[in-house]
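As a starting point, one isolated chain is supplied in structure tokens, in the form predicted on its own.
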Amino acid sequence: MSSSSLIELQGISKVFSIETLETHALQNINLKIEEGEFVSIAGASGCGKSTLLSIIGLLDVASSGYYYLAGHDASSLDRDERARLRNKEIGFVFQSFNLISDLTVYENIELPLTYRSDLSDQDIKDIVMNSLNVVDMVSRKDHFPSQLSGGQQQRVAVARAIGGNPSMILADEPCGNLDSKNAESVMQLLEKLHAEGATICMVTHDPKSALRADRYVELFDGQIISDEQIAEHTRERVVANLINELTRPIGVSVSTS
């Protein structure tokens, strides 16, 4: 079976087992993301946001259900096949930047491209320099991560994410370690990339960041409780719902109807 959506999840569940204890992190997730969408995944800590993003990003596998990425049945792939598809189709931006400390800015962006057999050395050089130009970091290409501010490191992470021209950018709390000024800069960069055609899926616990997307998916206790397009007339209600989720005691269910 193939999917016409860029991302399609069917009945995805994830169970973590430690000895006799089972934790149901995700339960029967059904989700489609179309090419060119900017989707935020929101909810309180522990609701399953990062687990869901890890499965979408092929960093983890579901316990049950089916996952289709860009027409590929990702559910049946082995570790090496997932790694190859991930490298080609997905760009990651992490809260903690995940830059390699002993590599320069240029080398951090270059590294994942070296695993692509379809790119020549000149292709890689052109891609790295273009990516640095997009995030306005060309002048820092020979610096090491320790010589950069948090905002600059996240810009490098974005450059690395877009370098391979992926089908989708996955951002996990991309502003979580940044001050308000740098957070705004990174959000504007993501919005710019989206306006230029990028598909973005962003996990965030921040209502303001969530509302920068075109669509938000809200999780609670591993289940989708809301999935809707964001329009001006719904923003106040969306903010209220998100704040309610973020302040709700764990294990207490409150109707949002």
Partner chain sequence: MKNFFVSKTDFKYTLRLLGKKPGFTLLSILVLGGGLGISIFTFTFCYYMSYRPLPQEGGEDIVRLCASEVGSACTGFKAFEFANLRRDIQSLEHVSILDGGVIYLETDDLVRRLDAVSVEPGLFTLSGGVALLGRTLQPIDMEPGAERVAVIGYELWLSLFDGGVDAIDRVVSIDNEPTKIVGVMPEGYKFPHFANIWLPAPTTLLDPVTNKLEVVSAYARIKPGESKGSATAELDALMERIRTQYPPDADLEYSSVTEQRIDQADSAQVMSLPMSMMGGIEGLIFLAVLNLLATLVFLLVCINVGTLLLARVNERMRDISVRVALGAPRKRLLMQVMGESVVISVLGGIVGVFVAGIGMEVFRLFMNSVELGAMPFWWDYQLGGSTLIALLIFLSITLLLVSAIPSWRAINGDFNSVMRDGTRGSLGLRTGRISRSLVVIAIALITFLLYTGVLVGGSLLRINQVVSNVDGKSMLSFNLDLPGNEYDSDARKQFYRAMQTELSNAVSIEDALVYLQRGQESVSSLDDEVTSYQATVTETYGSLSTFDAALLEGRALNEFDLVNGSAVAVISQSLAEKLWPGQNPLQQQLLVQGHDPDQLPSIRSVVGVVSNEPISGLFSRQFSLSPSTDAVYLPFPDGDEASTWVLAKHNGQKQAASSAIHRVIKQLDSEIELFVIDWEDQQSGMFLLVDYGLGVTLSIGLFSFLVAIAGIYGLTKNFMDLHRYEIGTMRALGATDKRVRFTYLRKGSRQLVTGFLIGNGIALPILYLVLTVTGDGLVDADLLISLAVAVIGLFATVLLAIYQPLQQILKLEPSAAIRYQ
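Numbering follows the first chain given and starts at 1. This is a predicted model, so every value here is computed, not measured.
Although not depicted, the form predicted in complex with the partner chain is the subject of the following passage.
Only one of 87-95, 127-135, 162-170, 180-188 places residue heavy atoms within 4.5 angstroms of the partner chain in the predicted complex, namely 87-95. Contact annotation for G150: none of its heavy atoms lies within 4.5 Å of the partner chain in the predicted complex.
Proximity of Q27 to the partner chain in the predicted complex: non-hydrogen atoms within 4.5 Å are absent; the residue sits far from the partner.
In the predicted complex, the partner chain sits beyond 4.5 Å of every heavy atom of L211. The closest non-hydrogen atom of I230 lies beyond 4.5 Å of the partner chain in the predicted complex. In this stretch, 60-75, the one residue having a heavy atom within 4.5 Å of the partner chain in the predicted complex is D60; the partner itself is omitted from this view.
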